[in-house]
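Below you'll find only one chain, the form predicted alone, shown as structure tokens.
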Amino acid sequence: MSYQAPLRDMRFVLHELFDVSAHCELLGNGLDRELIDGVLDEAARYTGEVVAPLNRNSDEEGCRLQDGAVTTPQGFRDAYRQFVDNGWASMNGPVEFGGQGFPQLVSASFHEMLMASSLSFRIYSGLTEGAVLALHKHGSEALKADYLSKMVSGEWTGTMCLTEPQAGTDLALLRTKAEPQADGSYKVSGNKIFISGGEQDLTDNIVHLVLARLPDAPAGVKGISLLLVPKFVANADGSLAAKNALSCGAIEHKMGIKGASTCVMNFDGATGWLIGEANQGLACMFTMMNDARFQVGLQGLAIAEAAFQGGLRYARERLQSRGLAGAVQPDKAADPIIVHPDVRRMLLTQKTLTEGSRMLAAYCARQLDLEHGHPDAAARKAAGKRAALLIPIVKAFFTDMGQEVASLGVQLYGGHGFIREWGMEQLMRDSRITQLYEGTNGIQALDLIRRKLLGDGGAELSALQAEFSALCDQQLDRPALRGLAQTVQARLGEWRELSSEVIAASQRDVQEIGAMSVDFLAYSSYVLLAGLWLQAAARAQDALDAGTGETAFYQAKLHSAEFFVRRVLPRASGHREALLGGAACLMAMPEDSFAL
């Protein structure tokens, strides 16, 4: 399958919805529209011509482990060299360590392109950026001097080593130990599983960020520390010392992302150094976890875009049957399947979920930028709250959406979608992991209610709802948009009421949190996307009223907004009814009754 970056839609989101030039001016990074568009053009070339052709073969070839060394699929090393040499690796890195300081609002578009081209290839660099964030914020000056510049450049990669066989979501069960040494270092011993890029042949060094327990640490999550444990210890001059006492014991045989090495890592008294304070590892790790969860959300978006492109291409080419109202192309043996209403339903569902999620990704990326870069402290704090509210939604909804859109892609191809050489089934397999790693989507839903909604009594969610309610009010006097605005406004009112009911039910019975969480996250996501589609429709109508050209593009935005509100947004009603069904019907049946 080929991939072509959706540059026109990306530019619509960046320039017309979120005014990225003004955003960059506020952040003081010196980027302007011309430079941003040039970066997007080059990103589209690199991902489409260099990375995308590797995707199919990497799935067939996979990774190989021999004598503790992993060989990545053919072509990955050269593509990664170009990734580093052309500065893509350092795009988001801190300027003082050689990074380019691009905002997330811009870099998210490149990362979407990269993931849509080959999710397996992106895995190797993805966690490095999060590791850079954690080390930059919490690491000692000595550690930053020794490791950060080469991680920022991409010359070295980073990993996140959390999971153990007995400790996945519940990190309180973690057993890896870190013994202090006289020179201030630690000896780290234990086993980690599911470590993305834990071993590979793309870079000379891999910097592992490892969660472990120090002697006499408090029990549970309060006794977890974060340590930097490199594959090779760095000398003061930047050269590499002898290999550390760690190894890759196995690589997993997986359902998807087969070109990415997912490793079992063994630490056998490996030398490491503390990042941040002792027993504060989770706080340090969450610096990179939020970035990782945002990036995984982008993975779902990227898979969806690739699946939509494939489905649209096939629907235009595949001749099958005649249109219900008669022949559309009588000169051919049959009509292309895009003329059939059910195929249109699938394509428009793909299109509106994908483009709506791209808008929400940009909205969230903007908050992440403002959290770190706004010149006003109060504005930074406000953006941080908004980003924290959105992260579980972005991670969970986008990845559920990616799996749905990939499944629709298979359906559009019919029997050919089930056959490997067409590429659609790979997208469905690759996307499935995104719903699981960096916190399963059920965990994201719990986080949304427990930490975000209940954490402040619904204050931040109420502020978000009010923002979109004001947008609706602004469109009520526009005849072309009044109907859409009224529908979205009604849903926002329902969302407010539902949020209050969720808070009240959670306070009455803690089991209600788990019973309601997944449906509440889905409901919230559909209403959020409806608000963003109204915003997109308003911008499109502005352009049409001004006669700025590209009539077909803007009309398509209006059609898409109408479809989403009429045919996709009603899903929210089902989620509302389900969550109001309560916890009793889930918890009342005895465990033994599940199988009689």
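Position 1 is the first residue in the sequence shown; the rest follow in order. Not measured: the values here are computed from a predicted model.
There is another form of this protein, the form predicted together with another copy of the chain, and it is not shown here; the text below is about that form.
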Requested in this report: Sort through Val510, Ala504, Ala142, Ala378 and report the residue having a heavy atom within 4.5 Å of another copy of the chain in the predicted bound form.
Outcome: Val510
Query raised in the report: Which one of Ile195, Val106, Leu347, Cys284 is close to another copy of the chain in the predicted bound form, taking close to mean a heavy atom within 4.5 Å?
Result: Leu347
Query - Option from 125-133, 76-84, 214-222, 339-347 whose residues, in the predicted bound form, bring a heavy atom within 4.5 Å of another copy of the chain - result: 339-347
Report task. Please state whether every one of the three residues Ala22, Leu492 and Arg496 places a non-hydrogen atom within 4.5 angstroms of another copy of the chain in the predicted bound form. Result -> no
Requested in this report: Verify the contact flag for Leu579: yes if a non-hydrogen atom of it lies within 4.5 Å of a non-hydrogen atom of another copy of the chain in the predicted bound form, no if not.
Outcome: yes
Requested in this report: Using the partner position in the predicted bound form, report whether Phe267 sits within 4.5 Å of another copy of the chain, counting heavy atoms only.
Outcome: no
Query raised in the report: Is there a heavy atom of Asp170 no more than 4.5 Å from a heavy atom of another copy of the chain in the predicted bound form?
Result: yes
Requested in this report: May I ask you to state whether Gly256 is within 4.5 Å of another copy of the chain in the predicted bound form, using heavy atom distances?
Outcome: yes
Report task. Any residue of 300-335 with a heavy atom within 4.5 Å of another copy of the chain in the predicted bound form counts; write them all down in order. Result -> Phe308, Leu312, Arg316, Arg318, Leu319, Gln320, Ser321, Leu324, Ala325, Gln329, Ala333, Ala334
